[in-house]
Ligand code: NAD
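Here's a solo chain for you in structure tokens, the form predicted on its own.
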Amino acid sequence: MNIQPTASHFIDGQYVEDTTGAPIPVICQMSEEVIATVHAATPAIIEQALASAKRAQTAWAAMSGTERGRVLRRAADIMRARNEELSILETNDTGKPLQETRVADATSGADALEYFGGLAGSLTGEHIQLGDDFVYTRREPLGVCVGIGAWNYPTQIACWKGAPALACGNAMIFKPSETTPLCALKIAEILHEAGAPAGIYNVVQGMGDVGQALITDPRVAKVSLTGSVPTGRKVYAAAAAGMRHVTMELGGKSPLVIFDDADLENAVSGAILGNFYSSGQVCSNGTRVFVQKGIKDAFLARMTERLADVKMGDPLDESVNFGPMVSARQRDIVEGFIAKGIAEGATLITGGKRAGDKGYFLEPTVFADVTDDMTIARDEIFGPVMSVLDFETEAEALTRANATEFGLAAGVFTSDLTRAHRMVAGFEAGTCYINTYNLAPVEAPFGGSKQSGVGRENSKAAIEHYTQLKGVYVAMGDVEAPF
């Protein structure tokens, strides 16, 4: 499949190129060869994107919510019809196995477009009676929104940010990660095909300087970032200087607590999903796996057995269930963490090495006897590395689970549902799981607390982050004044 994009950017309803921008190579994670090249946005490209978004937004906001929703739902239908093509593109962009991208990426993006398309016509204010007088509220769009994507879910994130923004009457300028620049271009193309006015969803490529130019422009009202905590701090500060609205979906070091009364097979499955799905490159991963001592040996034994079923190889091979890392740089970062785990005294149970003669493959890696002060238990690794920590009591597990600056996700496996609800009530995390892990339906809010971010994506909660309320006081009688 030829995945060379038509051009680097999608602006004002069409592909746009400016080859004077710095080249950004797209490297195949399997072959390590350059498979496409895009160019970073020049100041002229950025201006074109901002001007067209500002112009398009006014007319889009003037449409009824039902009309806007019809466009989003049509785009969802197109995405589903082209799921195979979009899944192959996602696999080429990220290195994730095709058997994963077919069910987790374009499908999730289509769900977001359908869900917010369905909500668009229901966005209303309220009436507040005050004697004969009354107040009514109007829920209004913010204006031009900027979305900055991460490289692990480029299709999904482009839709998770675009769908609520557009449903509420905003325009979106989306800057994908420079590591995975291809997928968002197709989302822009599909939205335009579905009837979104030219300029209402633009995609521009680039590194941090392009993002900085977008989020500091006075025409921009809102910034939504998915990325690391250090990047989030910089973007948040830049947005705050202009009093812009923000949503920050950042990283984590999430706890997964497994009690000794848990169903062992389900607990192992949950830990696999929370550590090795997408080769461990998921922000909400439960990478601190607290296992109660009574089940620890059985858990480690069964985990080792299950990991024997890992099949690495060409991610376009439908039988492959574990792909390469997204880049050589990310692989090297993760290898550094593995070396620290060994050096600091953790017990390497399985994995820990590169795999294959070519490609950015790392074996699924499990450490046991990890303590809270070890680097692998404190820092976000963003790779296939599981840290297993022992615990004895519920109170101990909760205290240690919360002893982190992060607060994105947390999970618990137990057959005692009363205890499960106590645990999730006590977790300092925005997204929690009971007897499962890492599911992210668009109907449910997703986001973190503490250093893991502000705001929520998905669900009705996202509407609050892409609109503002205007209160209107209506007097029915004469106006009194002191003089």
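Residue positions are given as counts along the sequence shown, with the first one as 1. Predicted model, so just to flag it, every value in this text is computed and none were measured.
Omitted here: the form predicted together with ligand NAD. The next part is about that form.
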Flag T350 as yes or no: does it have a non-hydrogen atom within 4.5 angstroms of any non-hydrogen atom of ligand NAD in the model of the complex? no
Does ligand NAD come within 4.5 Å of any heavy atom of L250 in the model of the complex? yes
Answer yes if any heavy atom of W151 is within 4.5 Å of a heavy atom of ligand NAD in the model of the complex; otherwise answer no. yes
Residue contact check: P141 to ligand NAD in the model of the complex, 4.5 Å heavy atom: no
Can you work out which of T137, S122, Q212, N402 has a heavy atom no more than 4.5 Å from ligand NAD in the model of the complex? Q212
Only one of Y115, F290, F382, Y360 has a non-hydrogen atom within 4.5 angstroms of ligand NAD in the model of the complex; which is it? F382
Segment that reaches ligand NAD in the model of the complex - one of 194 to 202, 92 to 100, 218 to 226, 260 to 268, heavy atoms within 4.5 Å: 218 to 226
From first to last in sequence, which residues of 426 to 459 have any non-hydrogen atom within 4.5 angstroms of ligand NAD in the model of the complex? F446
